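The chain below stands alone and is given as structure tokens, in the form predicted on its own.
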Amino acid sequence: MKTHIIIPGLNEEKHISSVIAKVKKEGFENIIFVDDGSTDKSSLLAEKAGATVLKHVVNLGKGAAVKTGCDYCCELGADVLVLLDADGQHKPEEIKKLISKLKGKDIVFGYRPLNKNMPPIMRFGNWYINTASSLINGINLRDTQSGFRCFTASAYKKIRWTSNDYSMESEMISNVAKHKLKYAEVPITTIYNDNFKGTTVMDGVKIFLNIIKFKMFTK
């Protein structure tokens, strides 16, 4: 299988070199860093570390960045697409664990076990969105917002999202339900290197409303 690792990021010069080095150490060479409008040296460092860099001139959002990377990899003939965060939150050593679960499945979700290191607002937000997604989509996932996932290129054509922001994870799940794709979950280690960042309370509200929208209007 031809596997591509897609790493979206915004101003991640602090971690991106280390993340790419660890991915390469695991034996993966097809590494795509999608720079979503960074104003720091993220692109330069990613390229120096050995990744192919795709750059948005302005910040378009995580959903747009991941889609840019996935579209590019599919054009290159990728068989498997792996999504990995650029901030060092995920352990590249666990990529193979996700891929191994992909046999006979369309998509594998990494999930973060709840622990005291997870910021309280994140624990509550994840529980709330997980519950809403389960009730609305009929898919019971432990962690609907984890960005560590892998899926086949053929599955990507069915789950390809329109959201440009953090709602992309939820839209992806709605599309998995719509197409009745086969999925699995794998526990992952999460490292919180920096102060809380990512989805805010307002992002959470928007994601919840979008989950309803995806269910009602996705055909």
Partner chain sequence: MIPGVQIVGIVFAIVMMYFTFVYYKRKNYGLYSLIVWMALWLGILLIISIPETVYGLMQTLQIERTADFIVMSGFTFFLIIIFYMYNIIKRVNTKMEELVRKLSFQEQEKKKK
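Numbering follows the first chain given and starts at 1. These numbers were taken from a predicted model, which means no experiment stands behind them.
There is also a form predicted in complex with the partner chain; it is not shown, and the following applies to it.
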Original post:
in the predicted bound form, which of the stretches 177 to 185, 66 to 74, 22 to 30, 146 to 154 has residues with heavy atoms within 4.5 Å of the partner chain?
Top reply: 66 to 74
Original post:
Considering the partner chain in the predicted bound form, which of 41, 48, 158, 55 comes within 4.5 Å of it through any heavy atom?
Top reply: 55
Subject >> Distance check, residue 191 to the partner chain in the predicted bound form, heavy atom within 4.5 Å >> reply: no
Subject >> Interface residues of 161 to 186 toward the partner chain, as seen in the predicted bound form [heavy atoms, 4.5 Å] >> reply: 164
